[in-house]
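Below you will find one chain, with nothing else, as structure tokens; this is the form predicted on its own, and questions on how it binds or moves follow later.
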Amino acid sequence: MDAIVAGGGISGLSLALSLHQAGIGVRVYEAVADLAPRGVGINLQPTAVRELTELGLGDALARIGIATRQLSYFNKLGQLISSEPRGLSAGYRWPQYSIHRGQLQLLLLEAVLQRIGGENFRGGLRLTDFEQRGDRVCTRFRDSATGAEWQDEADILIGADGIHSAVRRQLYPAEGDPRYAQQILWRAAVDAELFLGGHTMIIAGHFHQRVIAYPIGRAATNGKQLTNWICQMTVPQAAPPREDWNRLVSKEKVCAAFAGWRFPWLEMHSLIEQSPEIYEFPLVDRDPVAAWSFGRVTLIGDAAHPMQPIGGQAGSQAIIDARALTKALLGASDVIEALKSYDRERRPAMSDITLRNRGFGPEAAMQLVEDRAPDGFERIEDVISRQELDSIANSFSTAAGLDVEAVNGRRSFVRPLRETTIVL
């Protein structure tokens, strides 16, 4: 069996490694000619860290990421709503890592090149269309630099090409643009002083305006950490055109919107001022679809279930997609039935999480506190009960497959690999 993977992001590279581990031939096509460690922070939940560890990448993750030990929610005044342990501190057998997205992608790419070979990763080629012919899928790509056409065929095609997926567009030609949630995110990563012990992720504010911050790596300066921050807010204007996604914005624009967000344990104004570059993103997702798998073609990651970045789920779930798909292919003699089985297993839960995230997901307690005590509180217990907080957190955790016992106790999707050294 052989597979073509369209897309060389986190989902596509994780899938390539997973298929190779299972003895399935794979070729990856990526539209960008030269991948560089771009982007900002991402959280890898223990369920995803388990899969990367079983791909032999656990030691490499530990070198480049920060093991998150605590997640704390605050109101807009910096008053603590609740805290919960994360990763090993919560009883998982694997850590939760906060990590630079670009560094993670580079780690996965280097593993792909070392294990599968550079001839099986082809950059600068963008999928234009595909056709299923008998027991093969025929694909066409266009060279981003020259415009030349490239053709290939395989037993299966997996679209791992993100929220603007060309594979998904051919499967759902009338779908249109992503759904805009009327919010903008400003994001950056900057070397900064440690806060709250150096292993804590914080979310402060409410549905219409909030800040998120967490360390994602070691800084060039001793005593500091590379810190990812996000300022997010509801805005009246329409969604920016696609070419303006991920555009640079001025510090003044962000400071004007978050001028009063100063906490004893984190000085947001200083983080903003110190950031060399700040990027603007629209908050978008897509409506869940009725199927991901069509014959010998399927979708994973953001191509399958693009969701709002709530609860640190998108990247982690993409990695789980890759492993679940590999398991389905290993367990079936008919590849079409294998893709259907993967669809049945993963799609309902991911559709549920996509819709939950629109309602603020596990962060819904922050809006309840804002509604009930907009001017602050003396005792959080007078505003929201522990039982209510736990109910919100546990409901999302179960739906997302993050229950500690479930993650620790389930059987591996694929037989684990020993740790290997990846030279970055």
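This is a predicted model, so every value here is computed, not measured. Each residue number is its position in the shown sequence, starting from 1.
Not on display, but discussed next: the form predicted in complex with a small molecule.
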| query | finding |
| --- | --- |
| Contact segment among 325-333, 171-179, 122-130, 344-352, judged by heavy atoms lying within 4.5 Å of the small molecule in the predicted complex | 122-130 |
| 4.5 angstroms heavy atom contact with the small molecule in the predicted complex for Tyr29 | yes |
| Ile42, heavy atom within 4.5 angstroms of the small molecule in the predicted complex | yes |
| Pro215: touches the small molecule in the predicted complex, heavy atom cutoff 4.5 angstroms | no |
| Touches the small molecule in the predicted complex: Arg38 (any heavy atom, 4.5 Å) | yes |
| Position in contact with the small molecule when the complex is considered in the predicted complex, options Ala166, Ala111, Val211, Ile272, heavy atoms within 4.5 Å | Ala166 |
| Partner-contacting position among Gly205, Pro95, Pro282, Gly315 - heavy atom within 4.5 Å of the small molecule in the predicted complex | Gly315 |
